[in-house]
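Okay, so here's just one chain, in structure tokens, the form predicted on its own.
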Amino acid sequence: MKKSHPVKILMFGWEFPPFNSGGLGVACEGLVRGLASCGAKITFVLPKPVDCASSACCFEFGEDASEKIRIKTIDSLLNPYVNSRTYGDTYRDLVVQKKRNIYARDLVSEVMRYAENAKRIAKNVEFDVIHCHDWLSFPAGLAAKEISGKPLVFHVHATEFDRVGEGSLNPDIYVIEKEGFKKADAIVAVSEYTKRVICDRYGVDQSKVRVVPNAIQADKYRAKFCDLNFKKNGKKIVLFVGRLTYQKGPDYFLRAARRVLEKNPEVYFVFSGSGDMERWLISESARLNISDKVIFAGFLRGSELIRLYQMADLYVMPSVSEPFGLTSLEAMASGTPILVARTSGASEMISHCLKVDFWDTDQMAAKMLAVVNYPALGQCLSENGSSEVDKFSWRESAQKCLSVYGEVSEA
């Protein structure tokens, strides 16, 4: 971008650490860190409920960041991975608790209310380009573009087709996504897999979509958090990390676990995450008579999550639809062998891993057994994977985004 001053970005997202519940927040933080290290200035707008500690605050990311990143919040009930049902539950809880209610009664109306509030921020912030993450923030980005005339980039981490799979699309969300793709000046997809979905399912011209992979700060996953002597008792751990929801395939993981335990009863299967399938998974593990070998650790972050990665003998990502799969990089950086579904963006970018069709639980179980029964295979995957993960850099991803900004600004 040919400007005499640092590029100024108005960015709308769902979540940002420490207020995050999944990979999107981690990706947003990584990209913002990368952009700041390249000299950009970012105002990141975040939906947070009224009881959030502050409505505007600053974060500074490390000595290599040349500028501060300003985080601004809009009072809203929107949160990552919300759907119409969970939004309605939250809204009704607020009414029952008699808190002041400024929120819309349904999810889509709240998205539009958020967009109206975004206009106020856009009027009072100086910026060169607008950058939005996923559908919840698309209307906000369009509103900012409408009043500013500045170019708009949509960053796609997942589409409605990823979230529902073969289920029924939410037509309101699909319309918002399709309108956003049409009106955006450029679209950033996290993988070729996601680019194909955008082009094939929404009729977007391929020339409008740029692929910018997610990345990772590998060093923080290499710090030793677990006592490796734990593994000397002969027990093996196979790990799942992610939302316990249809898209992530935890049911396929559980079915493969039963097949593994038929051959090797010394394996434990750990779920780290939460979601709408959690109760079903607990009941199903009991029905399969393997509940004594299945552990539900809940949602973990920071050193607790890294310790779990390092304890595991294998990390499995059996997603039905996974635009990227940032957890696969986290596991690799932690020195853990990985097995990933072919229906993932990560599988097209990673060589030193095992791959499987998510629905083929027999093959999934066979590859799990191969790693836990043959330590040399796990060691090979661990060493080569740990080296390969270094090719994923947030600074490089940021530079690709800066190139996109330059293209849309000069158009």
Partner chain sequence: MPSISLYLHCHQPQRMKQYSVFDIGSHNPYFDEAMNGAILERITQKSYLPTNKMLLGLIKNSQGRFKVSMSITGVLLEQLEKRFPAVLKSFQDLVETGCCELVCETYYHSLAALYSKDEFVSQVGLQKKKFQQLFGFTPAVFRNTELMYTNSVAKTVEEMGFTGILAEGWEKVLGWRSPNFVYRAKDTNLALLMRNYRLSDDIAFRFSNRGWKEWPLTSEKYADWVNQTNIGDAAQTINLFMDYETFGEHQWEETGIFNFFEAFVWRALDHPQNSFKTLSELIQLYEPVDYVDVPHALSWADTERDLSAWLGNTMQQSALERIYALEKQVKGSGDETILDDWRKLQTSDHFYYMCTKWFSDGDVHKYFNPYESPYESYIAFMNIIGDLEMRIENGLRGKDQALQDEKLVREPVKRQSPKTILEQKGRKVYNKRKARETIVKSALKKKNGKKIDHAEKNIIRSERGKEVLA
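These numbers come from a predicted model, not from an experiment. Residue numbers count along the first chain shown, from 1.
This next part talks about the form predicted in complex with its partner chain, which is not shown.
- Not displayed here, its partner chain is approached by K367 to within 4.5 Å at the level of heavy atoms in the predicted complex.
- In the predicted complex, its partner chain lies within 4.5 Å of some heavy atom of C353.
- Its partner chain is not drawn, but in the predicted complex it has a heavy atom within 4.5 Å of Y374.
- In the predicted complex, its partner chain stays beyond 4.5 Å of every heavy atom belonging to K119.
- Contact with its partner chain in the predicted complex, defined as a heavy atom within 4.5 Å, holds for exactly one of K72, R259, R307, R301, namely R259.
- The three residues K182, Q206 and N214 each lack any heavy atom within 4.5 Å of its partner chain in the predicted complex.
- Residues of 371-393 that come within 4.5 Å of its partner chain in the predicted complex, judged by any heavy atom, are Y374, A376, L377, Q379, C380, L381, N384 in sequence order.
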